[in-house]
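Encoded as structure tokens, the following chain is the form predicted alone, with no partner shown.
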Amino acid sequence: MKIAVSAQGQDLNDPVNQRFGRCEYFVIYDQTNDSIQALANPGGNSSGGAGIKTAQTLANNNVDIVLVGNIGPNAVETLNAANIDIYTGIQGTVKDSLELYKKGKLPKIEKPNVSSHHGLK
């Protein structure tokens, strides 16, 4: 199972990024082999459609779960269509947020928690 965390950097000790479509990186933890992979977010510099582009990239990388702060309607729709679960409430570092998820302390959502283009603000 692969878990992607929106982040400002490329490893477990980097701070999370509350934005989904405009975050710099996703740090992907693979529970199957206990490995970490950093993925630069191609949607981060998009002029439009960042949430959709980002969600498609995660689906193409076989991600099962996304941990994020804020996520808009287009991204949620794309992730739901790809059967990727979404959890919010991340804080601190990537490692902190993975621990919160493992302890069951992050809420799962199926609807957006911000409006479209929230990440541009």
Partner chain sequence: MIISVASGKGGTGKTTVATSMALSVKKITPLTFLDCDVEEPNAHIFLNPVISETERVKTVIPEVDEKKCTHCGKCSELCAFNALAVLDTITLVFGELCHACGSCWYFCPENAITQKEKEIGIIEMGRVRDINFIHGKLNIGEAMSPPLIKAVKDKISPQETVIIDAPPGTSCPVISSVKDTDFCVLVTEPTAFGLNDLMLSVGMLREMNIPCGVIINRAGIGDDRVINYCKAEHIPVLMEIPLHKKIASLYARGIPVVDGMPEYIEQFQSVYHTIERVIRS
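Model, not experiment: these values are computed from the prediction. Positions refer to the first chain, counted from 1.
Beyond the structure shown, there is the form predicted together with its partner chain, which is absent from this document and is the topic of what follows.
Q: I have Gln10, Asn17 and Ile36 flagged as a candidate spot, so tell me whether each of them has a non-hydrogen atom within 4.5 Å of its partner chain in the predicted complex.
A: Checking in the predicted complex: none of Gln10, Asn17 and Ile36 is within 4.5 Å of its partner chain.
Q: Its partner chain isn't shown here, but in the predicted complex which of Glu77, Asp96, Asp85, Asp30 has a heavy atom within 4.5 Å of it?
A: Looking at the other structure, the residue within range turns out to be Glu77.
Q: Hey, in the predicted complex, does Ala50 get a heavy atom within 4.5 angstroms of its partner chain?
A: Judged by the heavy-atom cut-off of 4.5 Å, Ala50 is in contact with its partner chain in the predicted complex.
Q: Using the partner position in the predicted complex, report whether Ala40 sits within 4.5 Å of its partner chain, counting heavy atoms only.
A: The answer is no: Ala40 has no heavy atom within 4.5 Å of its partner chain.
Q: Against its partner chain in the predicted complex, would Gln91 count as a contact residue? Criterion: heavy atoms within 4.5 Å.
A: Output for Gln91 is no: heavy atoms all beyond 4.5 Å of its partner chain.
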